[in-house]
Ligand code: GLU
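First comes one chain, alone, set out as structure tokens in the form predicted on its own.
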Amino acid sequence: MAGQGVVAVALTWVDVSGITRTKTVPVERLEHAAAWGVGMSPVFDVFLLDDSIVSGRYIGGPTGDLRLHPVLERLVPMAALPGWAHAPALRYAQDGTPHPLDARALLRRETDRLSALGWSVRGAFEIEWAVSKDGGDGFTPAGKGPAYGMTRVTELAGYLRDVLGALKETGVTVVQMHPEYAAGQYEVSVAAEDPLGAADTAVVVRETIRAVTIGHGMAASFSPKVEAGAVGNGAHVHLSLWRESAADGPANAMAGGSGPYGMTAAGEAFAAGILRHLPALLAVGAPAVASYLRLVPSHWAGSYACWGLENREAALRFVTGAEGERATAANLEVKCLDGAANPYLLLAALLAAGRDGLGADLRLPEPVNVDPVGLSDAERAARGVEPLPSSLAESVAAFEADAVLRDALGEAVADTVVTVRRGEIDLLGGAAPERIAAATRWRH
């Protein structure tokens, strides 16, 4: 690192409210940090988005200490922050036992549980963000071009070039980037990885975008609702389930089968498990009061608990890929999620839901290949299509009632998730949409 001009290493973790927190060590102290860790209070797990603090049964108060240990195999120099490197951190108690709220360790546990059953998962986050002309409290779109229009690329061509260049230099494989629907909004898609890599990359992508944006004299918002009257930012997750075959190598369970649109029975069961647990999953994947300003019908946010082939209004969109590459490309996109989520905690919960589907050999209902809002109440009832929770309070109630997810995540995590969510409901519940958007805009 020192030979590459790095002078500082940011050790990061993501708290329960979805905010990336950090401690920094000079590069000369990296070896010591790897061996013995860096001190950090456990209380950050009960910080709310405005940095106020609540207390749960397991976390709260000024006492105690944790040790942050950098994950050295994921250590990368940050091209957008010259002289800086980034490493995700694992958190341990001083006696060396894993901290029960360490979401990265929790995600590793879930991948290990699937591995014990003979399965692995590949995943990736789509990152959406909106660019403001300056760094003030308000939001002024940095471009005037139409949704998805080339004009919007041309307006910020130098900036977008620098985003792509910095991501490449940092080791991120970008699949595509495009202007999105809302004014000043863009999206970047990256290559699929193992779940731990996907979550690490999601953090690196956002911090790279943030740094490049600030370097251009602008500001980037990843909030689920940047402006009260505009389309919000999502953070869709793409997942595919894989099994290693001694004869044929890895095989994608989302393709090559006799199930819906070519899914295998296992791929269908994995998807059905996620569908079953979607209301509770929102307490992890759409975790802000502002999330429910975004999660509304006819906005491609996936506000109904249903699935469909290439249906951007369904919470689960099944993507086959082009003819000829389906064996590797077929995947499930979970659309009802946003950037206020902790990516490690979210992926752990998604894997647990999919694993439950595998264990119960669940089957998917009939696909919905229209906008669900256009179906009558009777049609939706007959097809089992339910609206997802319309408030954070509703999703928290669903999470509390979901024994599978609570057991998979552990009681300390489950209690802290509920405590933090209730704290943010007390903070912003019932506030006007404009106030919610303003309070959330620059926090994630």
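Numbers follow the displayed sequence, beginning with 1. Not measured: the values here are computed from a predicted model.
The form predicted in complex with the named molecule exists for this protein as well; it is not shown, and the discussion that follows is about that form.
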Next item on the list: May I ask whether 12, 23 and 84 each come within 4.5 Å of the named molecule in the model of the complex, counting any non-hydrogen atom?
Entry: no
Margin query: in the model of the complex, does residue 168 come within 4.5 Å of the named molecule, counting heavy atoms only?
Written below: no
Notebook entry, point to check: Can any non-hydrogen atom of residue 139 be found within 4.5 angstroms of the named molecule in the model of the complex?
Noted result: no
Notebook entry, point to check: Hey, in the model of the complex, does residue 261 get a heavy atom within 4.5 angstroms of the named molecule?
Noted result: no
Next item on the list: Classify residue 301 as contacting or not contacting the named molecule in the model of the complex by the rule of any non-hydrogen atom within 4.5 angstroms, answering yes or no.
Entry: yes
Note to self: Under a 4.5 angstroms heavy atom criterion, identify the one residue in 277, 152, 104, 294 near the named molecule in the model of the complex.
What the structure shows: 294
Notebook entry, point to check: Ok, 187, 207, 227, 110: which has a heavy atom sitting within 4.5 Å of the named molecule in the model of the complex?
Noted result: 187
Check: In terms of non-hydrogen atoms within 4.5 angstroms, which of the given stretches 195 to 203, 282 to 290, 340 to 348, 229 to 237 touches the named molecule in the model of the complex?
Finding: 229 to 237
Margin query: Need the contact residues for 424 to 444: heavy atom within 4.5 Å of the named molecule in the model of the complex, sequence order, or none if there are none.
Written below: none
